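One chain follows as structure tokens, the form predicted alone.
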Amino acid sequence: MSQALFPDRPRNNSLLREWTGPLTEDLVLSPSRHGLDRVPKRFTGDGAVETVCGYCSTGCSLRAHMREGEAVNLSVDPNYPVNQGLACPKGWEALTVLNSGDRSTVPLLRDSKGTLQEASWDEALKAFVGKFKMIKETFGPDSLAWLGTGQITVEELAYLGALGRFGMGIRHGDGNTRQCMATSVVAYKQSFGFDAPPYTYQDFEDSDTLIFVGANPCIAHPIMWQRVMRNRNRPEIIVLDPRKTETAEAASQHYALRPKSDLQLFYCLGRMLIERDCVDERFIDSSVEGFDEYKAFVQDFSIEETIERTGLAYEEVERLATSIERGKRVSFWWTMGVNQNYEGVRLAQSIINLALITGNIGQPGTGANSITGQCNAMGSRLFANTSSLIGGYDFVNPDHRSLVSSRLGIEESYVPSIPGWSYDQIVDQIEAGVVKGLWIVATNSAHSWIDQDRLRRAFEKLEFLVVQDMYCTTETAAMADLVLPAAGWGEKEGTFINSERRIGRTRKVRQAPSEALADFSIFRLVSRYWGDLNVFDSWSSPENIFKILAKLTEGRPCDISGIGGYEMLEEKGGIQWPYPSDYRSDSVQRRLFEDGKFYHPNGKAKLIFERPCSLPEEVDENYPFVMLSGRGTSAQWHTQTRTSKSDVLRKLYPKDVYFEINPEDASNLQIQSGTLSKIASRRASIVAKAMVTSTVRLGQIFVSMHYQVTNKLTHASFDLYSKQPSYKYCAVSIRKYDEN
């Protein structure tokens, strides 16, 4: 229930009786100390402030124009190396969505009657800490978990991960980044020895052959696509996607292969390239391990079998192999069509393998390049204590645990020796009654998680659910026992790390509404209320945390010990890692592996491969269609928690859930565009409007991921190695909807 229903209820925290200004964490516990959530003094007047956008992983710079300490408009810096004067619709509307009437502005605590009621911060934090401690003492340390996000800053991610694991003793925490990038994390770690996307955005412009696999940058990353359009090499732009996406429409080659046949195709291409003698033998000898084994393995993947499995013509497979063979600077790019796959890690590695054997890595215009989804997914990967120990270290390595404990000043026994449960395992353990208390930060699990109804049923078993969000009306907040009001983008300080490893500063350009606090300040409050966590006393500001993290990474592949602080980030227009203390170059665009050295002990990359698996769910006579899912428009973002708040953005995408269907299939079902239809999977059914279009092939439909009902249908299958959900494929039936 929204706190707007209780506008006149007085605050009942005695410390605040005489206070009429903005609430900060220091006012709850120590009113005499500085308030962390006030706009910095240098921005109290007029002027412009550079800040990094908080939507996708592109990491665009926006210029916030200030009037009396508040941002009133946005423009774009033409000199920032990422977006070079461009912005997408979401970026232009980034301020507008902060003004929504359903902002979470005071804590909400569910009472004995089951109603969310306004509470003071003191009441909220005592309830939070009291309930979590009671659950832990009663049911043990496995009974608590948290789910984080790639939508908060690096400093906040680090604070949450360290506070949860090292402070509160919560063994299990994961992020919603498990949904978008876990596959690439594991693929890079296994192949390169570290989670290291090798590219820089300049490669979009330097390549002569760009191959997009399961990626639609026209919609998902429009600024990256603009960089492609600036390429002066008259490049071949090749798209591999079952659906004729907007990117495929603009490409010079589109291969509409059958869903989930990619792995077969890439192994076949490996065989063809070897047989054509277009591999880089010198690079392989010096920098690649396992080539002989790979060469023997791909012999089983003939072009004849590939044609049968992919549905492509012989001439198409030949043309694709020839395009790779003739390219001088070939770059491979992928996003969720690869990552959100039940065998995504091996699929990503099949692409990496092609880049390695042809020597297309480490040089301008090349690379095996994963494009991430969220604004700070890379920060989550390195610092959230989820996919790796904080700072890119390894939980199972005793030397790493010792080093982390020493540099952070914590007892080594507090550092877990194994990673905690992944997102899907946490959900499983909630369902099994093991996890009793859950803390969700800046994510909307009840909308976005796969097989949505199952997750909601699991959440109903929780003893205590805490949701920390900038909006109090999300599907997940509606299920919470406690809602903590958080500041959003533009209302706090910190850094984001984008897809090309560039660390950029995001700035506070307006005050959070009412009693909402930055996630950093909420974590600091939780630390104080939990008690005996003095180790976090030095984590007194976002910049202090950044400096601690910079020191922590010293000697690691992601070393940023040479970045002195926020001012240096501003001066250089963001900095790509690594940036060690002895780094002397002023290069703005930097790629990895230019020297052919990788992060495995022998300095070589590994070729990793495995036979394709069977589909986790097959179509049959009852469910004869394959449902594909993905981004709908460039004006929508994830669960639309923010983008739906903008009048402008809402006009740029369909209001109601829709599905794309091939004209022949539509004719057979007597469906026309606009016809309400029932789509059913083996788990649930939804009603959606038909959009008849040739962009999808016979026997397939496409449903946008942004609508709340989509994940009622999806099949809960996961990659064996990354535990990433396979959102992109499930079997469904379709018929006209009978309202009677």
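Keep in mind it's a predicted model, so treat the numbers as computed, not measured. The numbering used is simple: start at 1 and walk along the sequence shown.
The form predicted in complex with a small molecule exists for this protein as well; it is not shown, and the discussion that follows is about that form.
Undergrad: If contact means any heavy atom within 4.5 Å, which of 499-507, 210-218, 268-276, 398-406 contacts the small molecule in the predicted complex?
TA: Of the options given, it is 210-218.
Undergrad: Does any heavy atom of I679 come within 4.5 Å of a heavy atom of the small molecule in the predicted complex?
TA: Answer no; every heavy atom of I679 is more than 4.5 Å from the small molecule in the predicted complex.
Undergrad: Are any of the heavy atoms in I152 no more than 4.5 Å from a heavy atom of the small molecule in the predicted complex?
TA: Yes - in the predicted complex, heavy atoms of I152 and the small molecule come within 4.5 Å of each other.
Undergrad: I'd like to check something about M66: if you look in the predicted complex, is any of its heavy atoms closer than or equal to 4.5 Å to a heavy atom of the small molecule?
TA: Residue-level check for M66: no, no contact with the small molecule.
Undergrad: Any chance R381 has a heavy atom within 4.5 Å of the small molecule in the predicted complex?
TA: Outside the cut-off, so no.
Undergrad: Identify which of Q640, S646, T306, S287 has a heavy atom within 4.5 Å of the small molecule in the predicted complex; exactly one of them does.
TA: By the 4.5 Å heavy-atom cutoff, the listed residue in contact is Q640.
Undergrad: Please tell me which of S184, S191, T495, T474 lies within 4.5 Å of the small molecule in the predicted complex, judged by heavy atoms.
TA: By the 4.5 Å heavy-atom cutoff, the listed residue in contact is T474.
Undergrad: Taking G373, S448 and G488 as a possible spot, do all three reach the small molecule in the predicted complex with a heavy atom inside 4.5 Å?
TA: Answer is yes for this spot.
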